[in-house]
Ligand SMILES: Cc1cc2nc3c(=O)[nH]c(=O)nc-3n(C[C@H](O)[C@H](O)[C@H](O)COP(=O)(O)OP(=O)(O)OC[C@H]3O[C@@H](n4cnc5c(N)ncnc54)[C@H](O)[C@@H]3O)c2cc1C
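Have a look below at one chain only, the form predicted on its own, in structure tokens format.
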């Protein structure tokens, strides 16, 4: 086979990139390769589905804003002949970042950055926060930022919509595993498949999530990304809390309404890396429930109903995505990896940026250069500040 572009990895980032290539340049022949059509081990579909603008790097803010534009226009954007448009179950309750004494100054600085980036956010003092959301305990807080436009949706429905449109636009999908990249000089010329076939290509994109570093190492590219286990817990409480925003704090606690109850997570960023899908059955009662009970008041009996385990493709270097080509080496080889939990909300914007760079040689809509691999090679972190 031969293709203009081969994309390795058929999660949300891979499919979004494939779709954007077809939209940017309709004549581009795009082949996407995914090794697991069940997606059981993929991050896609296991996240919370949150979309927020409350970042501190302008690129992340802009990427989220683009995704929100798509969500607003979903009925038209995702329309495909002879297919029903997946219902996102979009809940625009907003995002709320909270901070105590040690973190309030950083939160305030971040708020100014967000305003400058076009985010219509509100600063809330503890008294005003308590008045608006009396269920949130505020005695230990010193400030909060609310972004009312933000919210969350069904990630599986979103992925289905992106996938359906990519297929409609002419993306070819092969369910197989990439064995090796083939090279000639400083060019990646294609891929070989475990089934025995091969595909020649002008460009190759590595969007294989937690498997991306192993593939990239074939080319001598050291990507500091590893799988990191995260638990999500569905709990019910003694009263409905559907009106609350998506609450996040600097310790990693995340709370949002889900199926009449709450979906709660408290990421253990120190958990050893590795493809670990085991569930710590005591983690909720030992770590999460006390933090949840401390933050919310007036509701009791936060009873765990279900816990599931997923993986972040965690960038241990600085927690931000690694996007773009390897300048000065294999310039036709691109990566989109290390989103550290933000891949779902940023996939469409990153895919659009990669499509622009592949077809024109530069970014046109959002300059993703700060996320390039060069910062890794040169040891220049570009991390988010405050809440990750």
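Residue numbers count along the first chain shown, from 1. Here the structure is a predicted model, which means the values were calculated and not measured.
Note that the form predicted in complex with the named molecule isn't included here; everything after this is about it.
- Residues 35, 178 and 211 are all found to lie within 4.5 Å of the named molecule in the predicted complex, as judged by heavy atom distances.
- Note on the interface: of 76-84, 304-312, 131-139, 196-204, the segment with non-hydrogen atoms within 4.5 angstroms of the named molecule in the predicted complex is 304-312.
- Interface membership of residue 49, defined by any non-hydrogen atom within 4.5 Å of the named molecule in the predicted complex, is confirmed.
- Interface membership of residue 387, defined by any non-hydrogen atom within 4.5 Å of the named molecule in the predicted complex, is ruled out.
- Residue contact with the named molecule in the predicted complex: residue 322 places no heavy atom within 4.5 Å of it.
- Although the partner is absent from this view, residue 352 stays clear of the named molecule in the predicted complex, with no non-hydrogen atom inside 4.5 angstroms.
- The contact residue chosen from 43, 348, 54, 358 relative to the named molecule in the predicted complex is 43, the criterion being a non-hydrogen atom within 4.5 angstroms.
- Residues of 7-32 lying near the named molecule in the predicted complex, listed in sequence order, are 8, 9, 10, 11, 12, 13, 14, the criterion being any heavy atom within 4.5 Å.
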